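Shown here is one chain on its own, the form predicted alone, set out as structure tokens.
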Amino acid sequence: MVRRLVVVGASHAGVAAATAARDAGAYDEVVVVGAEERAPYQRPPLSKEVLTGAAEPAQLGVLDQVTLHTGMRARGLDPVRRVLVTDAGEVGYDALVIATGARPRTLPAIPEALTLRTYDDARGLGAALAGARRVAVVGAGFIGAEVASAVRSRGGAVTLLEQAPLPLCGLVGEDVAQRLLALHAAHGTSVRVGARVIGARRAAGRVTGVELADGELVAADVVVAALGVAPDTGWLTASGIALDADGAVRCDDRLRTSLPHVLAAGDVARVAGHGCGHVLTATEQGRAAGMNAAGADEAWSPRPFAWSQWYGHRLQLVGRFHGLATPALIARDEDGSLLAVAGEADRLLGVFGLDRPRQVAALRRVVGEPGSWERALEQISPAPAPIPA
């Protein structure tokens, strides 16, 4: 009998799972089922190079000895018969990895608002931006800021609308968030904080502005919703699998779900309350899930990492700042680059760098380790700052 592993989702996590299982040699057939019509591709360039027309995304992974089905969307899962139900028919499995990722949150108040998640989204949004004079981006997180950067690179006017008091404050702390706000201003991006969108002004069937709760009208002929994502698990509702309140698949530290022979990885998975949030994490999870589906016993532990690129500057975030002491600003050069850290007791728990890739790379290796606070400061400062209380 042929043993088959089915990976649902041609994402970073899905490709990593498929190639890890293939390399382990535990299955006669490894099958990847992807909803998009195109072969798997690198996602980070979508909000950077593709959006500005600078480059196309490269192929993701080498899928030789893997059966790839594109344009096949998952519709349901029957764990009793071990069958994946798709819009093209049923696919039987011996083991299955869920890697369907997430879908962008929309803006109900403005149905015309564009989102960015797929290659087709990026092409469509890029075309809209090319003809836009004024753009409003709702949400000033990483994706919203990258869209704003793309607009400015084209010479367009852009306004970021952020409901929080400061953009990314919950991730990097108030001190760094203030400096990121200044970075937007330095590059000609207008930012409205504490802004709640309630609707749109229209003329001749087209959006001409965004209405805020305080009565302000922000002129715009293109509106982009950058409000984060939600796990793409609607197709699992009748499967009996355990889901979190937001729809994420609950997993143990081996990426196993509540269903036998079913694992999950990437934006769709939730491990001990921790989500994914970045392609590097998704790839690590996918690799672990694929190996475990093939009989390994590899634990995965959260090691948050994210990077972004705004106005030609590189931003990197390791670990966490939320719930910790105010981050100590360790270094800020005249060129505007900076490095911030946060920790508790003797442990370094969060690192943020703006144009400091070498230092962030060095600190990433010690985050969370006993004594890492002192070790980190020895690498980056001749005069160590006091340990956060």
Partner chain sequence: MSRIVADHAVCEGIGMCETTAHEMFVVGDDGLVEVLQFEPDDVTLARAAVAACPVSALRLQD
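Fair warning: this is a prediction, and the values are worked out from it, not measured in the lab. Residue numbers count along the first chain shown, from 1.
Unshown form predicted together with its partner chain; subsequent notes refer to it.
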Its partner chain in the predicted bound form: contacting segment from 239-247, 192-200, 213-221, 277-285, heavy atom within 4.5 Å: 277-285
message: Taking its partner chain as it sits in the predicted bound form, is residue 163 in contact with it (heavy atom to heavy atom, 4.5 Å or less)?
response: no
message: in the predicted bound form, is there a heavy atom of its partner chain that lies within 4.5 Å of any heavy atom of residue 337, even though the partner is absent here?
response: no
- request: Indicate whether its partner chain has at least one heavy atom within 4.5 Å of a heavy atom of residue 361 in the predicted bound form.
  value: yes
message: My question is simply whether residue 37 lines the interface with its partner chain in the predicted bound form - judged by any non-hydrogen atom within 4.5 Å.
response: no
message: Would all three of 186, 304 and 320 be in contact with its partner chain in the predicted bound form, where contact means some heavy atom lies within 4.5 Å?
response: no
- line: Taking its partner chain in the predicted bound form and a 4.5 Å non-hydrogen atom cutoff, the residues of 59-77 making contact are 59, 60, 61, 62, 64
